[in-house]
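Read the single chain below, which is given as C-alpha cells and is the form predicted alone.
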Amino acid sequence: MRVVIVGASGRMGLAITRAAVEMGDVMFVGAIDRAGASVVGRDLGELAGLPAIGTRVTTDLAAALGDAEVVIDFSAASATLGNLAACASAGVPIVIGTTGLDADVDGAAERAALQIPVLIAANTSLGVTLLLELVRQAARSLPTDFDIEIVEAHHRHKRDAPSGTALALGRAASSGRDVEFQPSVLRHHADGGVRPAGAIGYAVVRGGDVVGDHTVSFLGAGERVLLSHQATDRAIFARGALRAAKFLSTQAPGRYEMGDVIRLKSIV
C-alpha cells in the first residue's frame, strides 16, 4: 500500500510511521508537514527513531499524490479543507483523523466523496469503534430518565475539549435516543444549576501523558451502566488508521466510517 502521511512529525504521524514499518507492507511515497517546520527535508524513518526509509518530509501535498493509493491526515484542522480538495483533485482516497474540525468540513467532505472515498474518524481505535455502537445501543434501550455523562481524560498537551471522541460518543448517544445532537449547547459540570432533563454532560481531565480514557455513564434511579475504553498505547490509533487506509484504498467514492472498516452492523 502506497501512503502519503500528512502531519508527518506529529505524535500520530510518527506512530503511524513506526506501525507501518512493523507491518512491512506499507510504502510511504510522501510525508507532509507545515511550511517552516524544522523537520522539512529530514527522513521520515529517522524522525520516528528508525533507520532511514528514503522518504523525506516536504510541504507540497499535491506533488506527493502522483504515486499514492491513499492519504492519512493527522495534521491541523485548519489544513483539512485544503487536503480534501487536493485529494479529490488527484483522485486519491483520504483518511482524516484530525480533531477539532470546523463545521464546514462536513460539507467539503460530502463534495469530495462524490469523487473519492473519504473517511473521517475522531478516533481510529477499533475498540472505540465498538464502544460507539455499544453507547448507541444502550441509549436506544434504556429509558430516557437515565442521565448520560461522558468523562474523558487526555495528556496535558491536548488542545480541544471535549475531545473529538467524547463528542462522537455524545453523537452516538443522541442517535440512539433519536434526538438531534447539539454540540453548540454542551453541558459541563462547571455550568452549575440543576441538571436539565435529557442533557448529555461532559467532564474533561487534562494531565500527564494520558493517551486517552473515555467513560460513558448511564445513571438511573438505583443503578448505573458504565461503558469505558482506555488507551494505553498510541500505537492502537496508528494501527487502526492503517487498517482504515487499507480498507479505503479498495472502495468506491463515498463517505465511510470506522464501523465500515470492521464491518460493524448496527442494530439501531
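Numbering starts at 1 and follows the sequence shown. Given the structure is predicted, the values throughout are model-derived calculations rather than measurements.
Heads up, the form predicted in complex with a small molecule isn't pictured, but that's what we're talking about next.
Student: At the 4.5 Å heavy atom threshold, is residue 172 in contact with the small molecule in the predicted bound form?
Tutor: No.
Student: Since only the chain is shown here, I'm wondering whether residue 106 would be in contact with the small molecule in the predicted bound form (any heavy atom pair within 4.5 Å).
Tutor: It does not: once the small molecule is placed as it appears in the predicted bound form, residue 106 has no heavy atom within 4.5 Å of it.
Student: Is there a heavy atom of residue 19 lying 4.5 Å or less from a heavy atom of the small molecule in the predicted bound form?
Tutor: Close contact is absent here: in the predicted bound form, residue 19 is far from the small molecule, nothing within 4.5 Å, heavy atoms only.
Student: Check whether residue 97 has any heavy atom within 4.5 Å of a heavy atom of the small molecule in the predicted bound form, and answer yes or no.
Tutor: Although the small molecule is absent here, residue 97 would touch it in the predicted bound form, with heavy atoms inside 4.5 Å.
Student: With the partner removed from view, which of 106 to 114, 85 to 93, 138 to 146, 119 to 127 is the stretch that lies within 4.5 Å of the small molecule in the predicted bound form, judged by heavy atom distances?
Tutor: That would be stretch 119 to 127.
Student: Note which of 79, 167, 151, 131 lies within 4.5 Å of the small molecule in the predicted bound form, where distance is taken over heavy atoms; exactly one does.
Tutor: Only one listed residue qualifies here, and that residue is 79.
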